[in-house]
Each structure stands twice: as C-alpha cells, then as structure tokens.
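Quick heads-up: it's one chain on its own, the form predicted on its own, in structure tokens.
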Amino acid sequence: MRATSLRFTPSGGWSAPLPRPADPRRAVIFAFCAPELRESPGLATLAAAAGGAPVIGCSTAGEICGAEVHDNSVCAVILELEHGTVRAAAAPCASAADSDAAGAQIAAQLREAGPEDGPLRAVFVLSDGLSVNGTPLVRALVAGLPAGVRVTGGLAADGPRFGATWTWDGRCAEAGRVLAVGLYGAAVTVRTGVRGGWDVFGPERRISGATGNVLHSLDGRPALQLYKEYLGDRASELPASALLFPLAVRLPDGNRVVRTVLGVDEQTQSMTFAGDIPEGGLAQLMRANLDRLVDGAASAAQETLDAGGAPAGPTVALAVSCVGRRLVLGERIEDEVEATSELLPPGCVQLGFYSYGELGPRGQLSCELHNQTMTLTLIAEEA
C-alpha cells in the first residue's frame, strides 16, 4: 500500500505535484475541503489527477493534516492498494426522510462487486451534514452489507454556520447526497477507534416528546426552552452554542450515544439533532473538560491498536472529529490531533476533518452515528 498526503491553499497551490494512481481500480482519493473553496482550482486539479480512481470528499469545519488543523484549505490523501480494489457508491438524500433509502442504495451498490474484487472489508461514508438523519442511514447501510464489514465516516460540515454542506465525488460538489467507497480484498485491514471525553451533569431527563431526530420536550418541558436556560447569555448564538452542551441519550439496549444539535425551531421550541432521539428514553446534558477531550482522542488512537498491535506496513488514519470539540478546545484544538499522531504507527498518514457527526462502531454497536467524538479509521494491507 502507498499513501500520498497533500494540502492545497489558495495562495500556495498544492504542496507537491499530484501523482497519478498507477491502477485506478486499486486507488481512492479522500479530500476534505473548506466550504469557501467549493469552486477552487484545487479540486479541479485533484480530480484531473485521479485518472478514473474513485474520489470522495466533503465540506468541513476544519481540515486535519498530520498533527495540524487548518482552515481555508483542501487536505487530501491518494491511497493506492497493492492487493485490494476500491469501488464507489452514491445516493441522493434531500431530506431526513430519505436517509433510510440512501443507506439501502449505498449497500446495494457496494454488494455488486465482482469476484475479482475479493471480500468487502470496509466502507467509508461521507454524507451531507444537514439533510440527513444519521441513525436510519447507518441502520439501513449496515443491514444491507455482509456481516463483519467495518462502516465508518462522517457528516459534512459548514464551520459553525450550519448553512450549507456538500459532498464531492470528483465531478461536482453537491448538497443532499451520500457518497461511499468500499475497500475489497483479503489483505485489507481496517481498525477503528471512537472516543469522546465529555462529562454528564444534572439529572437524567425523560424524552417526553420526539419524532425521529427532532426533540420536542424533556420531562414535559419544551426542549429549546430548557437548553436556553443552560446556555444563558449564549442562547442568542444558537444553534452553534448548543454544541457546548451535547445530549447523552441512553438507547434501549443500554448503550449511550451523544447527539448534537443541527438546528432549532423557535416557533415549536423544538431542536433537530443529527440522529434519532428515542421517545420514552433518557437523556442527560453534557459539558466539556478540555483535558478529558484530549485524553479521549488519545484513547481513540489506542483503540485502533488494541485489537492486534500496529500494522507492519504503511497505514492511513482517517480522523473525523466533531465541530463541537473544536469550538470547545479553541486554541488547544491541535492538542487532540497531536495526541492521536503520537500513538499511531510510525509513518502513519493522518488526514481528516471536523464534522457534524461521526460514524463508527462503539461497544456492541456494529456502527452508529456519534457526535462530539474523535473517530479514527486505520487502513492498512497485511498480505
């Protein structure tokens, strides 16, 4: 396996000449782009260099390149497998109601690989970050894939603005769409790590009113009204300020997931989250401890190694961290990507972005939508 990491800025162009993959069937380009560079020449030149290889990218709330966090840039990695193959898939998702169908379509497309591809080992997904409900998207995707396939990825972002997000397939940057790539071949190994680091506080509250990913009330009180009480003076900054107080939701199976806000409705006093809020369940507010957030990122990196140690050959780590973590960590934001870099295998290429949601396995869950986590996907080939 070979991986080439590059970065584009409007003032300096690409950091190095763009290599053309030797075999487009065995290559994939991951690209994470600042929203303001949607029409930049950087994306056009990267697409031209792909030579027919699948391209998957999205808008961000910050780009991760190595142990650094950037804005107003494109960070990309050209990954070339030696033994495995790569296939791309896409599905429309214009609204949250389309999420289940989008997941099923992606799974069906990736199941169609021929015998020359070998077994499907992993799927990496990027979705529009505002139109999707991540819970049914992931549920349908996992249900339609063979057992044991690793599913990871993230939801596109638009900084702290929550205005417009998009995915990029090398041809167009488009809202309302889900992209995915499947990695095939017995030699492909994928390990994952998902950790948070937030602390719960206050009482657990009953989710007394919810529809899908829209939360209406907690303990019979309007959800938005309750959040505004905790936010105080920062209530005027909603929905971005709600990222400082994510919601810990206890699922019926006992697992706990974190949900973050995508939008608010002043008229109905409701809040829209990135994934389902189960009515009748329990929820508890959370707040940040900076050191614990950094420790959580380090634990995600350690989790990728706990299953079998560091891979022997070249590795790529795709890092998807939540925009809420970035807002809270502020000037300490690079502490978390430095923490992951220090624990990942020597020479590992780390690349990623700040998102509106993270996809990955956690506990007994084969894959779930998470918020406010650092999620790592470690890719290697071990013949």
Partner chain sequence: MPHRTLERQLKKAGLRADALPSSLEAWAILLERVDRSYQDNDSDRYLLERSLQQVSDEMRALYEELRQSKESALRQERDKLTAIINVMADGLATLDADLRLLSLNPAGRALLGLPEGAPLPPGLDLRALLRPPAEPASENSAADEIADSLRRVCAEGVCWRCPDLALRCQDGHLVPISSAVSPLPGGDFVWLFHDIRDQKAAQEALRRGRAAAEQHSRLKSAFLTNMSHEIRTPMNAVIGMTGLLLDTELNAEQAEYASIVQSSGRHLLALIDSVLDFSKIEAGRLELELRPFELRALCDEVLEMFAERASSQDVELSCLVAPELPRGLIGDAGRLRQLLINLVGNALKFTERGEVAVEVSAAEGGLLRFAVIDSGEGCDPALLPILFDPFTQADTSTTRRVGGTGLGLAISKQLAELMGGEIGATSTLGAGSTFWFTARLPAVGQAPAFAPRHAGTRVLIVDHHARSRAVLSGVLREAACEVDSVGSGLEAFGAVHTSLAAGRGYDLLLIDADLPVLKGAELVRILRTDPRTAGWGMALLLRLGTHRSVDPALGLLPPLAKPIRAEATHHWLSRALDPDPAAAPLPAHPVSTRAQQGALAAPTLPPALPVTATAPRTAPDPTGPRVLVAEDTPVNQIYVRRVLERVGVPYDLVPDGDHAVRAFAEGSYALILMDCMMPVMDGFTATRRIRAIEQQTGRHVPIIAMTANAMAGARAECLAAGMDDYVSKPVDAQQIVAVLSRYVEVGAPTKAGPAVLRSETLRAFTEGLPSSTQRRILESFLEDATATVAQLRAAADAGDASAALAMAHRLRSATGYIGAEELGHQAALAEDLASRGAATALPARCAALEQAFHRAQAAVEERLRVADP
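Positions refer to the first chain, counted from 1. These figures come from a predicted structure and were not determined experimentally.
Omitted from view is the form predicted together with its partner chain, to which the following refers.
Shown here without its partner, the chain carries Gly202, Phe245 and Leu290, all of which come within 4.5 Å of its partner chain in the model of the complex through at least one heavy atom. Only one segment in the set 139-147, 222-230, 159-167, 206-214 has any non-hydrogen atom within 4.5 angstroms of its partner chain in the model of the complex, and it is 222-230. Although the partner is absent here, Gly347 sits far enough away that none of its heavy atoms falls within 4.5 Å of its partner chain in the model of the complex. In the model of the complex, no heavy atom of Ala50 sits within 4.5 Å of its partner chain.
In the model of the complex, at least one heavy atom of Val69 sits within 4.5 Å of a heavy atom of its partner chain. None of the heavy atoms of Arg38 is located within 4.5 Å of its partner chain in the model of the complex.
Interface residue among His83, Arg256, Arg234, Arg111, judged by heavy atoms within 4.5 Å of its partner chain in the model of the complex: Arg234. Along 331-352, residues Glu331, Arg332, Glu334, Asp335, Glu338, Glu342 each place a heavy atom within 4.5 Å of its partner chain in the model of the complex.
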